[in-house]
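A single chain, nothing else alongside it, follows as structure tokens in the form predicted on its own.
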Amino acid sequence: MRFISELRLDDGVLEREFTLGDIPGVLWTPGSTSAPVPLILVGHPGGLHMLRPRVAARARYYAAEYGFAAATIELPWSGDRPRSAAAEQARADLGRALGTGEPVGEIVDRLVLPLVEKAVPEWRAALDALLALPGIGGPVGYEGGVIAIGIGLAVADPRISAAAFFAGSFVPGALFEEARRITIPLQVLLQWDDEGNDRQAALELFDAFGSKEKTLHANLGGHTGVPRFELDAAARFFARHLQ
């Protein structure tokens, strides 16, 4: 991990951009700490250069208000990272199928399964590097999307102690079986009127999770209409399980 910039923000949070090989990322840490702090990995659907204001707002809140470190990395085939011709074709096919009402299961598999296969090892490598830094000691949480990546990471890495998933992206059928293997505490956010999300599939996925402690937060509104109070709900969830 190589840090390439450092900025002290007005809320005292230290924001540092880094690279991990060819993967860009950002780390936010609280202004002052007396002991190593827990870490939250902040997921997103890719294109960090466009999504950074929203990701940074969540990360800064965790750092400034609750004393967590928070970090994110760019997804494969997004931002300035090299593209995948297969992923681009799958995205185009998915858009066409959604427009015509055709089944999307096979297309979702082609798009999402390779993404999970590549992204999960990258998140784990980032986690290795982040936990080696002074001042970050775990435990570790994951929040956000892509929910399929979150599922893959929670199954693969026992260092993930709790997760707050965003139900707003397609999940291949194979990952429903993986979801049954997840036993950590979960909080799942579902926008009830999300035009790009299959609500019934999201409910079935929630039912499939093997966790004994799992909570569903469902709000009226579309994909970008998440109420502000849900950020605090996620932070309090992590405070219960990471501190």
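Heads up: residue numbers just count along the shown sequence, starting at 1. Quick caveat, the model's predicted, so the values are computed rather than measured.
The form predicted together with another copy of the chain exists for this protein as well; it is not shown, and the discussion that follows is about that form.
**Student:** Of K214, R180, R60, R52, which residue is found within 4.5 angstroms of another copy of the chain in the predicted complex when only non-hydrogen atoms are counted?
**Tutor:** Filtering the options by heavy-atom distance leaves K214.
**Student:** Exactly one stretch in 196-204, 52-60, 30-38, 172-180 has heavy atoms within 4.5 Å of another copy of the chain in the predicted complex; which is it?
**Tutor:** The contacting stretch is 196-204.
**Student:** With a 4.5 Å heavy atom cut-off, would you call A218 a contact of another copy of the chain in the predicted complex?
**Tutor:** Looking in the predicted complex, residue contacts with another copy of the chain include A218, since a heavy atom lies within 4.5 Å.
**Student:** Does E230 reach another copy of the chain in the predicted complex, with heavy atoms at most 4.5 Å apart?
**Tutor:** Contact with another copy of the chain, yes.
**Student:** Looking in the predicted complex, any heavy atom of R240 within 4.5 Å of another copy of the chain?
**Tutor:** Although another copy of the chain is absent here, R240 would touch it in the predicted complex, with heavy atoms inside 4.5 Å.
**Student:** Given that another copy of the chain is not shown alongside this chain, does R8 nevertheless sit within 4.5 Å of it in the predicted complex, heavy atom to heavy atom?
**Tutor:** So R8 does not count as contacting another copy of the chain.
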